[in-house]
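First, one chain by itself: the form predicted on its own, in structure tokens.
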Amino acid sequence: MAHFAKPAEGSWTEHYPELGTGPVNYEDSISPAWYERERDAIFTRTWLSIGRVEQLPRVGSYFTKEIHAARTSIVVVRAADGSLRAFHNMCRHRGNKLVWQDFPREETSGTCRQFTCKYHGWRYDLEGQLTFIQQESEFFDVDKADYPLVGVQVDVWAGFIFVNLDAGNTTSLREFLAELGAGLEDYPFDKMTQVTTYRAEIASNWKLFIDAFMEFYHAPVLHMKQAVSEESSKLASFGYEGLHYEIKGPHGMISSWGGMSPPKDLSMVKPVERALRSGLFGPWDAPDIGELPPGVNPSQSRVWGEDSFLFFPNFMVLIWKPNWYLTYHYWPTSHNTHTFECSLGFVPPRNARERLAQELAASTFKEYSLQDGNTLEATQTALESRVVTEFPLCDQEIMIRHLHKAVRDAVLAHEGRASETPVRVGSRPSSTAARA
């Protein structure tokens, strides 16, 4: 496979010697104590992607986000001046959740002129200022100016809304996303407003699902039956090798072949895909979205089909050659459960055939995702037995090494530790990596 742009010397992994090449340990994915440390070190201190600007089209538009790992609920609103504001979703009177509908643990959205607490009727404007106290004269020298909603840092990158719960954070969103973010920022996400979303509760650690989507080594085996028999045999025979891998700080990306639309041989795909001119890689008739930004297809491979970007800790963006995109979010709810969210963004269809092509792509993706999720629950239960504690990884699984190391580094940096004794995660350096 001469078209794969592998480094001139050694493997991809060996070009990042800090990752090591030895077996890895997954105690970080099965330890309740380690999960509590992640909550404090990562999810309360890192920029987190929670939505898109299209969700807040006008003044007063709002949505809430439950962030279990950070032990909080957030409300984001478009204020009177058109800016975005974010607050902890809590009334300053008795601590009641401020914005919710029938079920307080469920997320909600809508449009309003002010926020009113269901418990005692305190009101706040769109800038978070307290404007009304029920029976204010009953209180003791209370000053409404002293009780605004507790604000949260909020910023926007490429139309994606991020918050940072750390009031002392001084790293801007763009500084945090760094080179990988800058290289992708000009992708026309704003043109792809036909959105389909999925949400599922997964019985596995959040990092294990990211592991599954940051390597395609599994694809020829796990997803074999999704292709016609002849194509399945080809996939199993050739296996998989990525086009490009890149690590920048805690973030990383993998570039892949695929997404050939339409395929050179129509017998390679199922009849419904031939009829609707669509499939897992998206609709075959790609819309014109202009020139792609420099961060996409960094190896400039002629067989490029898709790029997967992981922005630490839990936000993935997938750019597909037929000009559509996916996002994944992995929201931890315990050491061995998480909520998986997916959005598929397409350029709005011009007719019914284009809409059906998009729907087939979304449905096909859902089937593949269910296969991945089912496998992860099996992985979680087996890991928790601790019968085996170290596992070898191949060169195509470099991003797995990187994610677990990035998490470990963040936890230890927060705790001011130079080494970790009780819970060892990541991989030990091999002799080859140590010499590199």
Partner chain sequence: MSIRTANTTMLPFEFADLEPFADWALPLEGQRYAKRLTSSMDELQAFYDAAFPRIDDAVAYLDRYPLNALPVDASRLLWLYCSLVTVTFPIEVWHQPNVPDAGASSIDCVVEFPS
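In this text, all values refer to a predicted model and were calculated from it rather than measured experimentally. Positions refer to the first chain, counted from 1.
If you look for the form predicted together with the partner chain, you will not find it shown, but the lines that follow are about it.
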So, in the model of the complex, is residue 379 in contact with the partner chain at a 4.5 angstroms heavy atom limit? no
Could you confirm whether residue 64 comes within 4.5 Å of the partner chain in the model of the complex, counting heavy atoms only? no
4.5 angstroms heavy atom contact with the partner chain in the model of the complex for residue 359: yes
Hey, in the model of the complex, does residue 364 get a heavy atom within 4.5 angstroms of the partner chain? yes
Sole residue of 267, 300, 135, 197 within 4.5 Å of the partner chain in the model of the complex, by heavy atom: 197
I need to confirm a contact call. Of 350, 71, 94, 105, which residue comes within 4.5 Å of the partner chain in the model of the complex, counting heavy atoms only? 350
Pick from 77-85, 351-359, 125-133, 286-294: which stretch has non-hydrogen atoms within 4.5 Å of the partner chain in the model of the complex? 351-359
Counting heavy atoms only and using a 4.5 Å cut-off, do 272, 276 and 370 all touch the partner chain in the model of the complex? yes
Residues of stretch 66-102 in contact with the partner chain in the model of the complex (4.5 Å, non-hydrogen atom): none
